[in-house]
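Next up: the same protein chain in two forms, each one alone, written as structure tokens (structure 1, then structure 2).
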Structure 1
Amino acid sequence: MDIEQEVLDRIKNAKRVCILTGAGVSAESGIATFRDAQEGKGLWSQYDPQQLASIDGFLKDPQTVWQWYQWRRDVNKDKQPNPAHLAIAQWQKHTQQNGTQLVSLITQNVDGLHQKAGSYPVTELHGNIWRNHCLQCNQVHQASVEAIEQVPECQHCGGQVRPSVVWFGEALPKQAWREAESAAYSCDLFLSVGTSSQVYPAAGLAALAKSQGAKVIEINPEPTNSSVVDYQITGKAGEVIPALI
């Protein structure tokens, strides 16, 4: 891992930092990507991911989709934040206390590990697997769903409760996307961490930041060779981020 002094100076002198994290950060805590979680797992390997994570799949077979997400929750419930999560949380807390920087955190991950590490605020582009809401009236489902195998009924309208994650074909939450665009547009330093830069619209945030004059740093075990990246740091987020801090 080679970190240039120029990169360190950029981070130190930035006034507004925007961090985008992807599946690679969660993978270092042992959380499989969506497709990896589905492949080769007995019963679930029989299903196309589109069946398990789309509104059409839920409407056709809500019970199977619900059980798939309950299985994922059970597998991931004991996973803990890794050094990357903890370092980012430390970075946010430090800058909030001394006011030298504004650090905005955007994540494509749905596991809540950034919050578990102590990060605040966190903009969740793809929702959160630990939350649920009603498909019909959109009300948040407050009751615990732990060990609930049958699709719960909404306490407000009796509709079907679904996980509060963004499924294939669904738009990103409007408020979250506005926050992400604003952070990327106004930053002078953008960090892309553990993401392939191929999933849109999130992948367009780095380009948006770049268009407004921000420098873009990419941290990945495998460089993406994106044309908008100014500095590439090859390595795991859990090693690189603490070193930067």
Structure 2
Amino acid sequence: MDIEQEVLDRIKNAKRVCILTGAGVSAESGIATFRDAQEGKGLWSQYDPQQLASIDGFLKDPQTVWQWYQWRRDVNKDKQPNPAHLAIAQWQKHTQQNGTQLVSLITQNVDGLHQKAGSYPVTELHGNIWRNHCLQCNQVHQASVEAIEQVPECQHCGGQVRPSVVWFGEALPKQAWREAESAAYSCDLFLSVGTSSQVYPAAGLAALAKSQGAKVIEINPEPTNSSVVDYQITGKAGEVIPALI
């Protein structure tokens, strides 16, 4: 890992920092990244995650999609934040106390590990796997890691209960998207951490920040070749972020 002095100066001198995290930030906690999620995972390796995580996929085969999420909840339930989550939380706390910088954290992750690490506030663009709601009436339902095989039925309207995550083909939560756009628009430094930058609209936030004059830093062991990146740090989030701050 090679970090230029210029990057360190940018981080130190920024007034407003916007951090966008993706699945790579949780990789060192033992949670498979989205696009690697099925590799070698027995039964689930025959399914395409992009199909499972879609409203069409759920409508076509709710049972399979529900069981996939129950399996992921079971796998993820004991996972703990890693040094990347902890360093970001510490960075936010420190700057909130001394008022020198505003650090906004926007995550695409649904695992809740930023919150577990103590980050506050956290803007969740793609929802949270630990919540459920009714597809029909939106009533919130408790998520359980117990092996519930059948898609639960909503007690209020009889509709199907689904995980409160954002699937392909669905709009992002309005308030979260507003926060993300505003943080990207007004930042002078944008950090893209552990994301393949393939999924929109989240992937467009770096370009939005750059259009307003911000510098863009990418932290990823496999650079994405995004044209908006000014500084590429090739390395794991759990090693790079603690070193940066």
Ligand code: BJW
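Numbers follow structure 1, counted from its first residue as 1. None of the values given here were measured: they were computed from a predicted structure. Definition used throughout: the rigid core is the maximal C-alpha set that superposes within 1.5 Å between two forms.
Here, the chain labelled structure 1 is taken from the form predicted on its own. Put the two forms on the same core and the Cα of V161 is off by 2 Å or more between structures 1 and 2. After superposition on the rigid core, displacement of the C-alpha of Q136 between structures 1 and 2 amounts to 2 Å or more. Shown is the Cα shift of Q63 between structures 1 and 2 after rigid core superposition, which amounts to 4.2 Å.
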